[in-house]
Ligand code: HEC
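One chain comes next, on its own, written out as structure tokens in the form predicted alone.
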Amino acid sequence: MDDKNLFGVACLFKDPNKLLPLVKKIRELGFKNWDVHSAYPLHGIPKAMRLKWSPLGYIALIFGLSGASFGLFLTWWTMSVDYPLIIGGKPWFSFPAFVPVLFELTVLLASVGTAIVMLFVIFKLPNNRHPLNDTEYMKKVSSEYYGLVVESKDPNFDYDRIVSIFKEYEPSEILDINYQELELKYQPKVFDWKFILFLVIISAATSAFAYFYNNKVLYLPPFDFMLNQFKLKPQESSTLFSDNFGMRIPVAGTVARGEKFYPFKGKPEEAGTKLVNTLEPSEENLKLGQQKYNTFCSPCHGWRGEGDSRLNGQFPNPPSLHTEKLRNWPDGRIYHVIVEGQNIMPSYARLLSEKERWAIVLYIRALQRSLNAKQEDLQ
């Protein structure tokens, strides 16, 4: 039978046990383009059909690996090349810290990419027509029948032969399934102006709703209960105090719980005279000093203390630690600057323990000695 409108020949069974032998027969005869339909999964049918793995698994794998690779490159370039920063003493490329980024990009690209391929390549959306849609065959296999259809594009397709094979297994009904006119004149509609306009409208509506919800609705009762709290934000004014400042200066002479009293506040020269470094310049202490220096000091002072900031001009560069003035400072004077800060440099008293501050002083001395070596150091 030579009919260009014919999509395929189908048969229907009331008993699924009659369908399984026919499935094996069709497979043994070497048919390639055929399928089985039922309202629920039938045990043994996939094995009898020898179904191949869906390509979606491989597509998801490709997109997932692409997302992981892109995330790995993004984190490496950002944190190790374009804007290298040591955060919390970690190396430039701290892989455990980047795992969330890699995970998110892997899942994002795998899910979105697979969905796009499935919808627009395999299902050919917005073209959503198929010869089996709205047919009597599909209505019956969606409720109480079990069916098998052989497509006319199969290399072994012979109408009379297939009908003869179907009749051998006593089906309840044999149906011809034809293409509809729109399916015969198939044209991709991905770039159709109506579909593009539909996507634009959906995107605009979604964006408008998200903006309204996140910027308006969440600030209305009862969603704003977390906003109306009895607290003062940084830099916020307050009528509670006579000077109208919300941020308060600590009471003079008081020490916060868990902190030690620093007796040389505002007395840098006295600190330089009376403070003595109790740490020995051992390998352990120098390594500790190098670690803390690289974390807290090197972004502004540079790796070798030459004042060559690593902040790309986004913050004023400090003076070099190798000037004659700083090399002649006593250890206590450098320690005092770490505790109280100087000029635009803030205090690091809350970030560094007493031992860590003295270890930094040791490391600074080592840097100064390395760049200003004496004659006896070279012998």
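Quick caveat: nothing in here was measured; it's all calculated off a predicted structure. Sequential numbering from 1, following the sequence displayed.
Below, we refer to the form predicted in complex with this ligand, which is not included among the displayed structures.
The stretch in contact with this ligand in the predicted complex, judged by heavy atoms within 4.5 Å, is 347-355, chosen from 30-38, 61-69, 347-355, 48-56.
Although the partner is absent from this view, Q314 stays clear of this ligand in the predicted complex, with no non-hydrogen atom inside 4.5 angstroms. The closest heavy atom approach of P318 to this ligand in the predicted complex falls within 4.5 Å. Contact annotation for N328: none of its heavy atoms lies within 4.5 Å of this ligand in the predicted complex. Although the partner is absent here, I360 sits close enough that one of its heavy atoms falls within 4.5 Å of this ligand in the predicted complex.
Put simply, of M79, C300, I165, M138 only one has a heavy atom within 4.5 Å of this ligand in the predicted complex, and it is C300. No residue of the trio A10, N17 and L22 has any heavy atom within 4.5 Å of this ligand in the predicted complex.
In sequence order, I334, V337, I338, Q342, N343, I344, M345, P346, Y348 are the residues of 331-348 having a heavy atom within 4.5 Å of this ligand in the predicted complex; the partner itself is omitted from this view.
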